[in-house]
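This document opens with one chain alone, in structure tokens, the form predicted alone.
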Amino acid sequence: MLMVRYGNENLDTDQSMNILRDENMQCSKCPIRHRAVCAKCDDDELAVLNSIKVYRTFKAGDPIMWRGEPLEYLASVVAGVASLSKTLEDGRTQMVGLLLPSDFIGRPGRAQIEFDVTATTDVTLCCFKHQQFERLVDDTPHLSQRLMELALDELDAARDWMLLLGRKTAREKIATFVEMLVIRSRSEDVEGNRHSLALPLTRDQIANYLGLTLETVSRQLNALKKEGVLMFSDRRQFTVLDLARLHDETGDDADGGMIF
């Protein structure tokens, strides 16, 4: 086993795990600084967080956490995308969520993780030892306030996803998924109404996530391409050519009112 220094404690980790510890990376320079769990922390609070953090990296397809295992660390996604899933007793697996940069993994006060967490792309996490982080939450109002905001945002997203799975058509599901990626990507590669990014999931994984078949996902993405809403440079890299048109395809009312 490889021992990694974690603040004043040791963290056991498998040798196959690639550990990244950039001593020069300060919290104030972090790319997710203003939207992660530390967003409201002042300089003194950031200094404490900086002293107990460690970066861990995972290759696409690597398991990050298994459902039911002890929750030894909590983490923010710094880069990449991970999936949340649950497996039934008969082996069926359902993807129930995605974790994108600035999303938080784990809950203070919980002894174990409730989902399987898997890297769908290469992922970098900013990790905090569970017990150390809980002590810090008790002493840092800004941290506990931000955790509450993240939890409420997650609740809103879950309610939106209930609507998507229960009421939206296949076209609306695909458009909503792509729009979510655009909104969450915060990509700098934006030119007017165009947004370029990469699908973090295979089409088969998208089908699992949206409750569709692989054929339906491919058919709807191809239709959006033919209609000039999307442009693909390969199977994963694409550009949204018309964001307003994409939103129209989601079935959501732009002004928030009822759709008649």
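The structure displayed is predicted, hence computed values, not measured ones. Residue numbers here begin at 1 and follow the sequence given.
Beyond what is shown, the protein has a form predicted in complex with the DNA; the following relates to that form.
With the partner omitted here, the stretch from 163-171, 134-142, 104-112, 70-78 that lies within 4.5 Å of the DNA by heavy atoms in the predicted bound form is 163-171. Proximity of Arg203 to the DNA in the predicted bound form: non-hydrogen atoms within 4.5 Å are present. The shortest heavy atom separation between Met231 and the DNA in the predicted bound form exceeds 4.5 Å.
Contact between Ala39 and the DNA in the predicted bound form is not found at the 4.5 Å heavy atom cutoff. Using a 4.5 angstroms limit between non-hydrogen atoms, Asn50 is distant from the DNA in the predicted bound form.
In terms of contact with the DNA in the predicted bound form, the residue from Leu212, Cys30, Ala198, Leu46 that brings a heavy atom within 4.5 Å is Leu212. Screening His34, Arg235, Arg194, Lys59 for any heavy atom within 4.5 Å of the DNA in the predicted bound form leaves a single hit, Arg235.
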